[in-house]
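Starting off, we have a lone chain in the form predicted on its own, written out as structure tokens.
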């Protein structure tokens, strides 16, 4: 186990210690495009929330390299158990930004029919399992899914994402211990962004690093510069290949920083020194990757502007489309509960229709969003 910080692009005063991964120019540019799109989505979605057009949002500002770089090392058949700060994974795996926005609006086109909180995506077509609000839930789920694939002799892996705060959850211990004992093909990605809402890292663990915790579970632990998308990809690619050939799980700690608040309901200025944000802003993952691409003659100014313009237009069209769709029909609350609607549900639906007809329940009233 080596806990040296893995770096490809390097940083001011910190030389790179890992060679660049072998990725084709089109793959590198696609990763960059998704990072830009994720950043722009964050900006627009936070504004939509402030304008009262959506109820809630969780920004990924500053963490684009961490989750997009890891996801780029997967295949379409691998299973993803994300956290709520990882929208770029879905975008990289082919989900349109309009589908994410349908979910944020909770309209009738939303795959979950408005039943989930905003930013709690679920996309069966890309094997992305529903995001959960309870801390650490997805860790044990991913370990179980990975074990199922091992039993079935499927050559796939499961990957799960969580913050430094989640390492204090019961599911962290249960998931890593289970995967370690049974050599399940699971990749655990701890996106260490320094804060669990308002609790700083030093209030979360007495361990020198999060990656060091891997030793207790009998698996490799690696630390990677989470703002270096190529370093993140390289570390994940190695872990995925190990898991795919039966060598078990890996814990990856990506060192990054949450530039925004925990969510649209949080004011980070109440507990965080703004000078720290200024330091991390100089290590912006998109700016670093852009400079690297330009240095390799893979990205030109006009090309970069075209990417940004295309992303802006995609977002505009997606917002327009999402806002034209009405809320789910009231009757949908009885769908997908059981394989076949029960007699009790039929009675409840009849009672609700009568209440709506008499005006006891206001049509279209959803109440205030709780957060």
Partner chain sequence: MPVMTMVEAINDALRVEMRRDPRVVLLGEDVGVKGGVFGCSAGLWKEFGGDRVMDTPLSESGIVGAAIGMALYGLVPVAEIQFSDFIYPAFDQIVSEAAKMRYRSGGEYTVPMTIRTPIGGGIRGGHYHSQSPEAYFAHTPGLKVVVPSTPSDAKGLLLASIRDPDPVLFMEPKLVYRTLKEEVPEGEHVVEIGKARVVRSGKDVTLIAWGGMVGMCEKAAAKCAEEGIDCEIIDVRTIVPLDEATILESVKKTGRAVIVYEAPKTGGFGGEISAILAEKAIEWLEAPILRVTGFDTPFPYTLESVYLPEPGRIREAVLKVVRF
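Everything numeric here is computed off the predicted structure, so don't read it as measured data. Positions refer to the first chain, counted from 1.
Just so you know, the form predicted in complex with the partner chain exists too; it's not on screen, but the next bit is about it.
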| item | value |
| --- | --- |
| The partner chain contact at residue 352 in the predicted bound form, heavy atom, 4.5 Å | yes |
| Contact test in the predicted bound form: residue 95 vs the partner chain, heavy atoms, 4.5 Å | no |
| Residue 75, heavy atom within 4.5 angstroms of the partner chain in the predicted bound form | no |
| 4.5 Å heavy atom contact, residue 348 to the partner chain in the predicted bound form | yes |
| Of 220, 260, 144, 194, the one that lies within 4.5 Å of the partner chain in the predicted bound form (heavy atoms) | 144 |
| Interface segment, criterion being heavy atoms within 4.5 Å of the partner chain in the predicted bound form, picked from 280-288, 67-75, 134-142, 223-231 | 134-142 |
| Contact test, all of 247, 295 and 319, partner the partner chain in the predicted bound form, heavy atom 4.5 Å | no |
| Contacts with the partner chain in the predicted bound form - residues in 152-182 whose heavy atoms fall within 4.5 Å | 152, 153, 154, 156, 165, 166, 168, 169, 170, 171, 174, 177, 178, 181, 182 |
